[in-house]
Ligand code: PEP
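Have a look below at one chain only, the form predicted on its own, in structure tokens format.
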Amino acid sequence: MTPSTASDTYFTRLLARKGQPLLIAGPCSAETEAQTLATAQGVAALGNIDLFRAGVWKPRTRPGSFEGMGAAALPWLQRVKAEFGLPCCIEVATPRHVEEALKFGIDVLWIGARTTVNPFAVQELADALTGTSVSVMVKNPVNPDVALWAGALERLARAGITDLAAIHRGFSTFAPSKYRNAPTWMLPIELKTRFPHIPLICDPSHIGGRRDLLLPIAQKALDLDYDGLMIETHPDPDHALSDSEQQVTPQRLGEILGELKYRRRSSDNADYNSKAEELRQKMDVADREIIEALARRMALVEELAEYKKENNVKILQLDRWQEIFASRPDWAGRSGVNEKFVADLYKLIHIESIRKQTEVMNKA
């Protein structure tokens, strides 16, 4: 069985019943019973939260920082469920965590980014979950690798877990960024194309790492047809024991959710559908023209490679490449096209040009 075949699950039924994105909220860490219950009371009062999240076991980058209260916090979540009617979800990283979570009736488990990156660890969790009917969410791996993310979902599906969801929490990068973890939106979209029946949930808290970024990240996720949001919430964020800068109060969470625009997947407006179809047909024509232009360019690259081969000239001409890389974005800017997009496009074109020339140069 593959994850893409599962369509009748807790997550999909909930989405169908609500007709709105799934909303998951709660503290980064369950620090004390009072703090956990205060957070639950605050988010329950919003009236639209589907799952209460709380970190129990917290894998931290370096030892010595707060690593969660462990199993001692699980009875607090039982109280959250009993007193506020909120199903609860926590992160698990070992088979022992799974055993403890199921013993205390945790409704949904999630596998964190540091675990998803390790297929051995994921397989151990899949083995521990075999024979259960618990719902499981899988965060993307720390590094930008869709195969690892997909592989984790597939391992769980092979263990018989059919109620799956994916969480996009961003990816680590050495490049300067305003984000804590770069969203790299094309990767979760790629996962969604592979497994269209698996709900895709955005975690703006870990992507942004800052409160002021939560709303724009959440809005973009909804505009990209994500199925839900997971946002960290704390009654006193500034004094949280972990991830204080990215958590918001329940009141602020309500404001963020109220400011979001929930757009439709389609429209019944006949004029819209007619105009949209007309524009899509024109885009098809433009795309064909782009591909034909690329084909002409690659034919010229191949012809140039033949001349280089005849004259014993190297493939890479750095001065020429620098000229192209400087001029094409400039041309784009003058035409109202995003310069960075064109710069990235020409990097790909250059890679393909080198591949094509190498093929010609090495041909017998």
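Quick note: we count residues from 1 along the sequence shown, nothing fancier. Please read all numbers here as calculations on a predicted model, not as lab measurements.
There is another form of this protein, the form predicted in complex with the named molecule, and it is not shown here; the text below is about that form.
Q: Does the 4.5 Å heavy atom contact test between H234 and the named molecule in the predicted complex come out positive?
A: Residue-level check for H234: no, no contact with the named molecule.
Q: Considering non-hydrogen atoms and a 4.5 Å limit, does the named molecule approach P250 in the predicted complex?
A: Output for P250 is no: heavy atoms all beyond 4.5 Å of the named molecule.
Q: In the predicted complex, is there a heavy atom of the named molecule that lies within 4.5 Å of any heavy atom of R114, even though the partner is absent here?
A: Result yes; R114 sits at the interface with the named molecule in the predicted complex.
Q: Does W110 reach the named molecule in the predicted complex if we count a contact as any heavy atom within 4.5 Å?
A: Judged by the heavy-atom cut-off of 4.5 Å, W110 is in contact with the named molecule in the predicted complex.
Q: Just one of 314-322, 66-74, 51-59, 335-343 has heavy atoms within 4.5 Å of the named molecule in the predicted complex; which?
A: Selected stretch: 51-59.
Q: Kindly indicate whether L15, D163 and H197 are, all three, within 4.5 angstroms of the named molecule in the predicted complex, using heavy atoms.
A: No: none of L15, D163 and H197 comes within 4.5 Å of the named molecule in the predicted complex.
Q: Between 21-51 and the named molecule in the predicted complex, list the residues on our side with a heavy atom within 4.5 Å.
A: Read in sequence order, the lone residue that approaches the named molecule (within 4.5 Å, in the predicted complex) is C28.
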